[in-house]
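What follows is one chain in structure tokens, specifically the form predicted alone.
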């Protein structure tokens, strides 16, 4: 692919940032406060707009309900538009209420299941008000002990709840179903892997798609195979990009294994699905505990962009020829040559051509934004986990 074609694709790439990444977060042991943290959804939007202002490819922000609940969602959407971005994926939260101790949509208690489903339907109402295209579902549902509940019955309950939410979607709205190997359920998780999510999506219909969170797999899992399979089945709806050393660490994308991020983007680039018309929503799902929030989000966006640029450099014609010939080393060399290429000068030039500063993090630091919001955001309750 020639450089002009590559930069045209990169110019149209979009990476959604999560509202919760801008709030205070921490580990199981401590939530670490930082200055200038937003106190409400409007201030989160202002931070997300700042990331877009310096990267040029982060034009939307995901909301988490009820963390980002407001009285007027149309007003919130208009506020986002005034700041040059839009409201993106609506994330449902059915894992923090005391009622959900034994699960939400798979809970043995019909009243709890009904409460959970009503929340999912509420999130679709919010989509209608904001124009958000996607409903993202992650369930903490599962069991800790053998015999605690009937595993097949829990799948029936899950399928019923998903069907009710899916039936409520209108137009081009989609349901994105996320999976996670474990945590907080340790014996059996109700949606533990891509196969379970895929099976439920196939049962629901074409607007039910699978979300791949890059931190939600067993060690050694070949995530790019999952990407390739779901692409082939037209069921890959979205990514939650982050990075992990051990489990669901939610570190900056590309921090632990940038080569894995490149391998993932290789499959997406090969399928021609980098830009929004490819049908994949690229999102970050990260909690920045010790690093500055906005800078960490910018770094993650740039890391995904860099991995994409390298994937687009791969000589697909030469690679296909080497694969047909069974030339193992030549095929691997073609992949590795692209990975080892320094694409940073190309990306700096791209940003200049887009009217942006070539070094986004340096430009952000020089902007004085953090000092400004730190002085303004005094009093009130800083956003964080559960807020």
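Positions refer to the first chain, counted from 1. Remember, it's a predicted structure, so these values are computed and weren't measured experimentally.
Just so it is clear, the following notes concern the form predicted in complex with a small molecule, a form of the same protein that is not shown.
Contact check for residue 79: every heavy atom lies farther than 4.5 Å from the small molecule in the model of the complex. In the model of the complex, at least one heavy atom of residue 248 sits within 4.5 Å of the small molecule. With a 4.5 Å cutoff on heavy atoms, residue 64 counts as touching the small molecule in the model of the complex. Using a 4.5 angstroms threshold between heavy atoms, residue 128 stays clear of the small molecule in the model of the complex.
Highlighted residues 107, 150 and 190: none comes within 4.5 Å of the small molecule in the model of the complex, counting any heavy atom.
Shown without its partner, this chain lists 216, 293, 310, 157 as candidates; in the model of the complex, only 216 has a non-hydrogen atom within 4.5 angstroms of the small molecule. Interface residue among 186, 259, 95, 225, judged by heavy atoms within 4.5 Å of the small molecule in the model of the complex: 95.
Looking at 136-144, 158-166, 108-116, 259-267, the stretch with residues near the small molecule in the model of the complex, meaning non-hydrogen atoms within 4.5 angstroms, turns out to be 136-144.
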